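Okay, here we've got a single chain as structure tokens, the form predicted on its own, with questions on binding and movement later.
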């Protein structure tokens, strides 16, 4: 039972100020960029989760020294050509799709084959979407059943720049191609459907040879090989995806108010806030500032007595892709029918999240109509659960676990949720913060 949690009552009203850990996307990118830098880079508030630890282990396998403790992380970069490639190298991305896809762009010039493996969940995710464009540079790939991990990458010393159209809104694929483009002599041109732009912002902050032309739906990125990457220190801002669990918990709770400190509110990540505001949730930004190209702010959320349904504009999908399970909970309490479309990408995550969203809502007693890429949710403002709900066998997807915790505390019922260790991939102290709010500490 140690890996199971039980919730059997709603959370009481609260008024709190909390901090959440460092942004996972930025933490992994900082590790990778600093491994290419000349000299020592230092980060504070680095997310210490399994996904970030996997990134640190990956660059260590490539010969990069890292010192990690509870106060900071130091990476001893050896420059753009500093990786130490050996025969029979194996990199384990564990559960991290970000690491698994981005690292392939970095090691595309390896003179020896490198094997990339992952856990059971990552091994079911599509890697052909990144092996196809990287092959155009001159690398070769062998994938399990043509799509999946484990894979072998055969790098090349004769890489050529490419033109690439990223159609899915995947920041992972776009970023991997950017890293590969930095390995070539010449200009790589990427046309990409809108997605999170942390890699572009870090490139700009580091004065790398990049040009970004933003369009309404498509961005155009031109990137050349940099001469060097300077070492850099980074105080990682806190993660909006982690914050979203507490934003939604507050919105769904009675007479509650929450301030979350120092959150990265990058415009490619705030779809959750735009959607919640459209549904009637009161959210205010406080103490805005720019840091290393990113926009940072405290976020204040006030509970909402009356929630509105939404016909969610698909243009918001990419900027809220990790938060849709939570948004579905808000729709469950809205007065009316909410519609979400073009969510194919949701099933390309750690678990088929659109399917799990439907399953959770059905367990809660909420009527839904779903297709492979859309869902219609018939909200019930008076929803009050008084039955047992067991959640298990969800491929240990951390966001499924945390969403179910929020649902249990918001709507009541007797929830038995398996695999609490899943939170170690992205948010190890999630339950500690939940207990702080529950106990009014």
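Positions refer to the first chain, counted from 1. These numbers come from a predicted model, not from an experiment.
What follows is about the form predicted in complex with ligand S3P, which we do not show.
Ligand S3P in the model of the complex is not approached by residue 93, whose heavy atoms all lie more than 4.5 angstroms from it.
Residue 396 falls outside the set of residues with a heavy atom inside 4.5 Å of ligand S3P in the model of the complex. For residue 129, a non-hydrogen atom is located within 4.5 Å of ligand S3P in the model of the complex, even though that partner is not displayed. Under a 4.5 angstroms non-hydrogen atom cutoff, ligand S3P in the model of the complex lacks residue 354 among its neighbouring residues. The contact with ligand S3P in the model of the complex, taken as any heavy atom within 4.5 Å, belongs to 170 out of 238, 170, 256, 266.
This chain lacks the partner; the member of 178, 321, 361, 279 within 4.5 angstroms of ligand S3P in the model of the complex by a non-hydrogen atom is 321.
Partner proximity in the model of the complex, defined as non-hydrogen atoms within 4.5 angstroms of ligand S3P, places exactly one of 110 to 118, 94 to 102, 245 to 253, 297 to 305 at the interface: 94 to 102. Of the residues in 25 to 43, those that come within 4.5 Å of ligand S3P in the model of the complex through at least one heavy atom are, in sequence order, 25, 29.
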